[in-house]
Structures are given as C-alpha cells and as structure tokens.
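As structure tokens, one chain now follows by itself in the form predicted alone.
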Amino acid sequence: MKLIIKFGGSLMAKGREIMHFLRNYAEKKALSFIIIPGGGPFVEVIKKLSERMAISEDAAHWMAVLAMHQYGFFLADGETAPLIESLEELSNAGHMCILLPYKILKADDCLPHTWDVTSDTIAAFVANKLGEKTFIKLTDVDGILDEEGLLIERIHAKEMIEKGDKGCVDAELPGFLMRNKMCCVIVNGNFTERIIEVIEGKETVCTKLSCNLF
C-alpha cells in the first residue's frame, strides 16, 4: 500500500520528529509512504525576491520547485528515508522516501507556471502519475475553516472553485482534483494520532476535499 503525503513547510519546527514517527509506523505496518515536501521558508525567499526583482513566472516556478528540494533535504537530515528524483526509483525506496519533484515536472511540464500552483497541486500531480486517487496533506491547521472559523469536515472541490475560496490549499488544487477525479485529506500534522486515523480510514479532525458527492 502506497500513500502520498504532502508535508507542509508550516510543520518545519516538528518536521523531523513527525518524519521519525511516520517511518516507524510505516515499518511496523509494512506500508510505503511517499513524502512530497512543501516549500516552507525556502519558497518564501523566492516570493520576496520575485516581488523585488521582477522574476519571470517561469523562473519563479522552477526556483520554487527547487525550494521543495531544500525542505526535502532538511526533512531527510538524520533520517533513513532516501531522497529520490524519479518514479522508477520508488520500487527500491523502502517503507518511506522523500520525492524531489524537479526532474519529474521537467519531463511532464503540464502544470501552470504561476503562484496558484504550489506543492499542494504538485503532490496531487505525483499521486495522479502513480494512479493514486487520494493524497494526504499535512499542515499546521485542522483543515479548511468556514467564515466563522469552524472546521469544514467535507467540501466538494467545485464549491471551493465557485466561492473562490482557497482555504489552506493552493488555488489550482480544487480544479486539478475535479479534472482528475481525486480527493485530498487535510489534517493537522502536529497531532500524530490524527494522521494515523486518516491513514487507517477512521473518523478524525480533518477536512476531506473531494470531487465526489458525499
């Protein structure tokens, strides 16, 4: 069983602790976790530079993708999870690996080069390439909140598009999920028990963002 987990940059402070927990769980349960790193503070530098120096969207896009690599190296520091750069390497990646997406995106350059596309959509893209219809997004909030700050447990991607509401995901993700009939489960990675409950298909505090009717 392969699970694609997008690991948000907002979890950087506890990132390696969470990685260690996930690796132990994957080994214990004989699962395979493919970690897609976010951009974290590394991509924020590129955003600020882009604003000051008028970098083209193409250049900013690829620089931001490489920022994901930097976060990947950070998460791998002190861990046994290998860093891989191609889908072909997954067969020998063990129970957990960190996927660095630059070469994969260069080989299939189908995503828009705008700030609407971040590591969220890239994680969905990788999942889709692997034939997976669901991926997990770990972040530092409980999920998508409504106007009153209450958690939305389930929401259709079309509803997010119609409202123009991005919540805690990038602007491109709802459309990508719609086009490819996919689902994303957003969970607060600071609570490892919630991650496990999502993995095991149990009810927990999270948001399920889907293109299917519930």
Ligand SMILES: Nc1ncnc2c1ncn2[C@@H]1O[C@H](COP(=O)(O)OP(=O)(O)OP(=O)(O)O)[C@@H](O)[C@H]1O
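All residue numbers refer to positions in the sequence shown, first residue = 1. As the structure is a computational prediction, the values presented were derived from the model and not from experiment.
The form predicted in complex with the named molecule is left out here; the points below concern that form.
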Open item on the list: Between A123, L75, L99, L138, only one gets a heavy atom within 4.5 angstroms of the named molecule in the predicted bound form; which residue is that?
Closed with: L138
Task: Touches the named molecule in the predicted bound form: S10 (any heavy atom, 4.5 Å) - done: yes
Task: Proximity of L83 to the named molecule in the predicted bound form, heavy atoms at 4.5 Å - done: no
TODO: Would you check, heavy atoms only and a 4.5 Å threshold, whether A93 touches the named molecule in the predicted bound form?
DONE: no
TODO: Would you check, heavy atoms only and a 4.5 Å threshold, whether C168 touches the named molecule in the predicted bound form?
DONE: yes
TODO: Given that the partner is absent here, state which listed stretch (36-44, 23-31, 174-182, 53-61) has heavy atoms within 4.5 Å of the named molecule in the predicted bound form.
DONE: 36-44
Open item on the list: Checking a candidate spot here: are I4, N128 and H156 all in contact with the named molecule in the predicted bound form (at least one heavy atom each within 4.5 Å)?
Closed with: no
